[in-house]
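First, one chain by itself in structure tokens, the form predicted on its own.
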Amino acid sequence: MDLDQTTDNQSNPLLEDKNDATPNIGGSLPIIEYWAKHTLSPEGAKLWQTLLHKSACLSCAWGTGGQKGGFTNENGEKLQRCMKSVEAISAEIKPPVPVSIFTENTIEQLQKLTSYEADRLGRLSFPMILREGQSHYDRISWQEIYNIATDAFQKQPERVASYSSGRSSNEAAYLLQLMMRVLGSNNLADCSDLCHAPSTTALKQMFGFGTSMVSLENLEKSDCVVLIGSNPAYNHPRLMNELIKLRDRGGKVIVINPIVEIGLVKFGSPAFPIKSLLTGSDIANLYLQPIPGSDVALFVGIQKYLIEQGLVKTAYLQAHTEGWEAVLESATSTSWETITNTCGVTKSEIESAAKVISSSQLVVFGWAMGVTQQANSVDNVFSIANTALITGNAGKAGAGTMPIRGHSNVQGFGSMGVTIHLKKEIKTALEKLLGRSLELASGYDTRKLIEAADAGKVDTLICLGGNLFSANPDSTQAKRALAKIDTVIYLATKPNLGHFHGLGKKNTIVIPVFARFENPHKTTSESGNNFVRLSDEGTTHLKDADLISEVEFLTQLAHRLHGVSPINWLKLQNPQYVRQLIAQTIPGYEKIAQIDATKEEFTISGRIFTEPKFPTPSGKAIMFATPLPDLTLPTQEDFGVSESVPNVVIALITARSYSQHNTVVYKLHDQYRGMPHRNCILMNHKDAEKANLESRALVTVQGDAGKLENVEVIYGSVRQGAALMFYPEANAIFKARIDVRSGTPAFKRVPAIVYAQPISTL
């Protein structure tokens, strides 16, 4: 829907379906109220100390911090802290979990906690173990931890695995993959397998690298941003400042999202207190609501219009791409009827988007998990990047492809080699370092790890951050699979549901680690725009706590496993030496060797492209034709629901709430979607009426793995045929439908049936 002519949200047709509890503007005063509440509270002094500390933001990959200061981004711009960072810090500076929580509560009692309740317990402050046959976690000595861990990791390499998230540092990530590969294991599952692996997979094939080709500096030159399947108003609020600035300089924003997110229509940013905070800034010029999972069809439609109007940059394609003829032929031969029926967006709306893109000089295409968490996710990314190339918007300053990463250092983990798909250049450099071949087995990504564990093929698992249990579809399978692993070791700052449900068969060990701003040594991390930040050392507020850094634990364990040859692991307890190895073996990271002396944070070389020459064998981008997906939903009979029961089958989108980071929940309600608690389903009122469901009705939502009951229906601005529920709670109802090329599950298109709760009779 074209919003250029709409200035009053009250009369905006996009917002007609929003419920009364939903505000007319995202951000704005609630952000200021939140800041005031927390910074003026008893935790305020510690909160401000941490906000001002020279360390990278704990939240998303768009965060600030590092040597430029806590409120400063890589371009030196101030006032760049968001509410997400305050939420993350506030959670980390909580008091320690009382010992009585573990001595007085059995594991069965702890399993009754929600994610919100688990996080609110406080900080982990001592190592503990749940032994086979025991009902309570007990404190454990470091010596016993190392004894158990050393024995556990001396299993056959293919039966040893790791899982990690982006909460930790580049140095810890590098040590983890090095330790595992010296063992002979390539089982390096990572949280990126569940989110942006399709971006990496597709972009590597097309451009020879798997990250954003757009720096923050270049983003500020663009005159159009196409935002697909992403909600930065919730998850990357700093990006909203860039969209506001783009609109102020006359640029255009196209939003493609099945749900009308209030913050993507109008957003009030504290970074612009006079012009934006109270009245809000207009964000989307054009807002399209496709059927979930249909991005390929929508972008093929844009391509088809450009071809028909003679707007394709043919000379660019001939000079700088391969495979372009097949892409144009595929779009030309696909009928408009097929395109519009598949994506649910009208031809005129598609044409409007194509006109904005073709009339803009510098277009950035940004996307997140609405694109990547689909069964055809790699094709989705292909189709977006094809459109960038067809319009000449790749390989020039101010334009290009920009996957919008989630966790603050998730991209850094991939750069450090925490992946089953190790780059050839890194593999060669590591082989030289180690003096041995690294021709290892293919390895387990996250979903393959769960399947292997469920088949009894994994003996030992170490989790560096993250919440493997909650992050996976089919919670029953995840719990069962982890219970077949003999030893599970978690390194974490706070309790999460994985520590209570993701229990090993013989031993479950939880090791408390320092938060990023508490580490006794400097560490680095990588932003989603390829910028490396240096975080200063710090101290913890926890008194008499028995914490350890990830770097120290991994080097101690590796020393016990591998001795001193060919790596002196104990020397690597000083991360300066880890950074020397990173500089030797990770392409683009050469400057990290001097960062301790220079304090110079840097953009990784070889990733930001301002001319269309790419690191592929030919130097050209390689394009791929993208088939349209079959998005047929099951019938009520497929779910085993009687024809006599009024129902509606929908494509369920599972998503974070407003105040949530990955699986960690900070608030139970979602004020911007008008959802009062976690057990809600956001529906289009026309879908609800098909099943005779009124607003606030209690329903059953059933997938192919289970069902949730007493779910409250909330009417909202979601396109017909789709609905939204919160992750990770909704994971319990569906099995993993996987994009086989990337291994990523389709969290954003879950076939489900909704029907009224039966009325019980006495």
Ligand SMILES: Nc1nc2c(c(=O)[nH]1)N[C@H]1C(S)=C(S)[C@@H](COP(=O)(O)OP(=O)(O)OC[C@H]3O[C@@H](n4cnc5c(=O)[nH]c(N)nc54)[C@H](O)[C@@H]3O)O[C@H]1N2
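So that there is no doubt, residue numbering starts at 1 and follows the sequence shown. Small disclaimer: the values here were computed from a predicted structure and weren't measured.
FYI, the form predicted together with the ligand isn't displayed, but the following is about it.
Among residues of the shown chain, Phe734 is one whose heavy atoms approach the ligand to within 4.5 Å in the model of the complex.
Heavy atoms of Phe153 never reach within 4.5 Å of the ligand in the model of the complex, leaving it off the interface. The ligand in the model of the complex comes within 4.5 Å of no heavy atom belonging to Glu171. The ligand is not drawn, but in the model of the complex it has a heavy atom within 4.5 Å of Glu261. Proximity to the ligand in the model of the complex, defined as a heavy atom within 4.5 Å, singles out one entry of Gln373, Asn386, Thr508, Thr401, which is Gln373. Residue Cys195 is the only one of Leu482, Ile390, Cys195, Leu176 with a heavy atom lying within 4.5 Å of the ligand in the model of the complex. Per the 4.5 Å heavy atom criterion, the ligand in the model of the complex is contacted by stretch 229-237, the sole one of 266-274, 422-430, 318-326, 229-237. In the model of the complex, no residue of 317-342 lies within 4.5 Å of the ligand by any heavy atom.
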